[in-house]
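Below, in structure tokens: the form predicted alone, a single chain.
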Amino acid sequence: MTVPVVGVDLGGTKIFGALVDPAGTGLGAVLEDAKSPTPTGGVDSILDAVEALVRRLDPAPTAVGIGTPGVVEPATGRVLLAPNLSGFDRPVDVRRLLEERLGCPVSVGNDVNVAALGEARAGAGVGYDDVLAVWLGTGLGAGLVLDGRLRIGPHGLAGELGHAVVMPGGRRCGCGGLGHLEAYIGRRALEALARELHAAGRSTQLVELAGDGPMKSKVFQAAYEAGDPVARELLDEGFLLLAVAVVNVAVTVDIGAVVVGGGLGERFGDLVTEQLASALRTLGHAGIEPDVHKAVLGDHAGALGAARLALEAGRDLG
């Protein structure tokens, strides 16, 4: 396929789209981009906004890829549950509904998986066939590209590194499980623990800097760089357990590269990549030592990955 396609990253607060040239490479493949706020008026309002953004980029699109939060049913493109989107507390047949609106094939994938595909095919993972992309943010998301193709598994759960058990019987994860990695390195979990420690009498700049507001990634960065003991303790443990989980993926599927992105990933990019590289050297097995890179596409990762999803859907698009 040689005609441009549209990739859309549907987020909880904004919709970001790009018109992508299949022959282009990296960010140079983006012919035009656009964004708009995500409506809060329910499913129809969100689909209206997606349609409007797509048509701003291409009035008569040939193919569209969508990355959306939540659980996506691989075979149908239905979003089974996406709590961050208004009205998506029940299954929504996103692929069918958008195909009816746009009059072209639509491919739908989980936003983290789609962003991983973007980095693997157009960003920091270019040149590798087997890539694990990890996104450190409010939680921890990951996507797995093997033999050059996004692997999601029969339930769409391949690469769910945030729910790998790294501490049996450990902290309770937001999903209810015990000892999951997200409970040790997800920003929401770290904030909850920091506030618990502060309430128990441990002074920390994390609470002092954040006040009653959210502990954003820049707060963690400032406290960590200032040598705050609580910030150092929580993040160093989280980075170590992340490394353990990545090592286990490496010896399971023999990946060639690890790409690290997300809010915390960007703030601690050099530190995380150095710690992961060191852990892979010391904890790895039989010389398995994948390269470690910082993500490079930023907000474009999801849109480029969604476009790639549409291109690789295997349909006859002309």
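Residue numbers run from 1 along the displayed sequence. Fair warning: this is a prediction, and the values are worked out from it, not measured in the lab.
Another form, the form predicted together with a further copy of the same chain, is not on view; read the next lines as being about it.
Taken together, L157, L161 and G256 are fully in contact with a further copy of the same chain in the predicted complex: each brings a heavy atom within 4.5 Å. Note that among 77-85, 211-219, 115-123, 238-246, the stretch whose heavy atoms approach a further copy of the same chain to within 4.5 Å in the predicted complex is 238-246. This chain appears without its partner; in the predicted complex, the one residue of G227, G127, G103, G153 with a heavy atom within 4.5 Å of a further copy of the same chain is G153.
For the residues I288, L271, V43, L31, the 4.5 Å heavy atom test against a further copy of the same chain in the predicted complex is passed only by I288.
Contact check for M167: a heavy atom falls within 4.5 Å of a further copy of the same chain in the predicted complex. When a further copy of the same chain is considered in the predicted complex, S278 lies well away from it, no heavy atom lying within 4.5 Å. The shortest heavy atom separation between L283 and a further copy of the same chain in the predicted complex is within 4.5 Å. Under a 4.5 angstroms non-hydrogen atom cutoff, a further copy of the same chain in the predicted complex lacks L47 among its neighbouring residues.
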